[in-house]
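Just one chain is shown here, as C-alpha cells, and it is the form predicted on its own.
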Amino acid sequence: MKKIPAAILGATGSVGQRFVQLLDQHPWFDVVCLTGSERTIGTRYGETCRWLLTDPMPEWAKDIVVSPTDPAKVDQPLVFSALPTDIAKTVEADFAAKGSMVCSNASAFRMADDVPILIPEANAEHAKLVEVQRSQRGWKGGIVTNSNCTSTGITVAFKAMLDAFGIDKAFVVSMQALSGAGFPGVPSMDVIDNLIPFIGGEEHKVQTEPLKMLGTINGNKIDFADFPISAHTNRVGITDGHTVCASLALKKKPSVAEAIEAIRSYQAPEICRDLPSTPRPVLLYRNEDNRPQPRMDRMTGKGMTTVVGRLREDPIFDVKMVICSHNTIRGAAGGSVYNAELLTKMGYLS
C-alpha cells in the first residue's frame, strides 16, 4: 500500500520522541512533518530536540524543519498528537474539522460522548464513533484518544476477566514510572529513597476511563461498564513501566486455574490480529512468583504486550493479580500508532 503521510504534534517532548522512534520505517505511515513550540519553529529537529531515548534519533528526522502546530500550515491526513492537554483542547478539534484523523495521547477529548478511548484489542468497535463525530460535529476528519497510561494495562487485563466471568467491583493500587510525568518529571530529591502517594488527577482517570473503554456503544454514545473501581495511584523510582496490583470481585466465581486460562487465551478481535502493532501476545501470563517486574517485562511484545502474574485467590474479593505494561509505548505513543492502524483498516484513513 502507498504510505499515508503523517504529522507528529509536539514532536520534541518525551512522548513526541516516542512517536518518532516507533514510526521509524513504519510499513503504513510516513512522517513528513514535526511540530513544536515557538522556540523550536524553523529549526532542524536534530539540532533543537534534546533526545531522551536510548535508541538513536532516526536519520530522516534530523533534517526535518520544525513547523508550527497550526492546521492551516500542517495539512496531513493523519496527525499524532503529543500535545499538552490545554493546547490539545482547541488544536486537535481544528485539525479534525479540517480533515485530519487525530490519534491523540492527550486527555482533552477522552470523556466526550462521541470520542472513543480506543484500545483495539479490547474495544475496536468503539472506533465507529468517528462516524458520529463527522455527522454531529461536521468534522471531515476525527479524533480518537489513548487512555491514561495506567488505565491501559488495567483495561486489557480486565477485559479478559469481564468477558469470561463478569466483574462486580475492582480495587487497584498503581506503582507508576517516572516517565509518566514527562520530562524533566519528578525532582530527584522527591523520589529517591521515597514513594509519592499522590499523582494529580490520576485516581479519577483510573476509576473512570476503564469503565468507558469496557462499555458498549448505545446509539451515539457509550454506556459505561457497570462496576465501580477504587484506585490508589503512586509514583515510584522506575524509569518505564507501570505496575498495578488489582483485586476483583467477579459475577461468576472461577478457580485460580480458570482465571489464569482466561488471561492466557484472550485474543484481540479478528480485525486487529494482523495489524503491524498488534501485541503478540495481547496478554502474557508469568508463572514465576516474583513476576511481572517493570525492568524485566516492560518490553514484552516490543513494549505492547500487557503482562500479568501472581493471580491468586483474594480473601475479600475473588481473585487478585499484578499487571505490568509499558507506559510510554503501549500506554502512549505505541497505542496511538496502533489506533491509527485500526482506523486505516476500517476505512477511516486512506
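Everything numeric here is computed off the predicted structure, so don't read it as measured data. Counting begins at 1, following the sequence as shown.
If you look for the form predicted in complex with a further copy of the same chain, you will not find it shown, but the lines that follow are about it.
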In this chain shown alone, the residue from 127, 225, 260, 245 with a heavy atom within 4.5 Å of a further copy of the same chain in the predicted bound form is 245
Interface check vs a further copy of the same chain in the predicted bound form: of 283, 322, 66, 61, the one with a heavy atom inside 4.5 Å is 322
So, in the predicted bound form, is residue 32 in contact with a further copy of the same chain at a 4.5 angstroms heavy atom limit?
-> no
Is residue 270 a contact residue for a further copy of the same chain in the predicted bound form, using a 4.5 Å heavy atom cut-off?
-> no
Partner proximity in the predicted bound form: residue 72 to a further copy of the same chain, non-hydrogen atom cutoff 4.5 Å = no
Does a further copy of the same chain come within 4.5 Å of any heavy atom of residue 276 in the predicted bound form?
-> no
Okay, which stretch from 251-259, 109-117, 90-98, 195-203 lines a further copy of the same chain in the predicted bound form, with non-hydrogen atoms inside 4.5 Å?
-> 195-203
Stretch 285-313 - residues with a heavy atom within 4.5 Å of a further copy of the same chain in the predicted bound form | 289, 290, 291, 292, 293, 294, 295, 296, 298, 310, 312
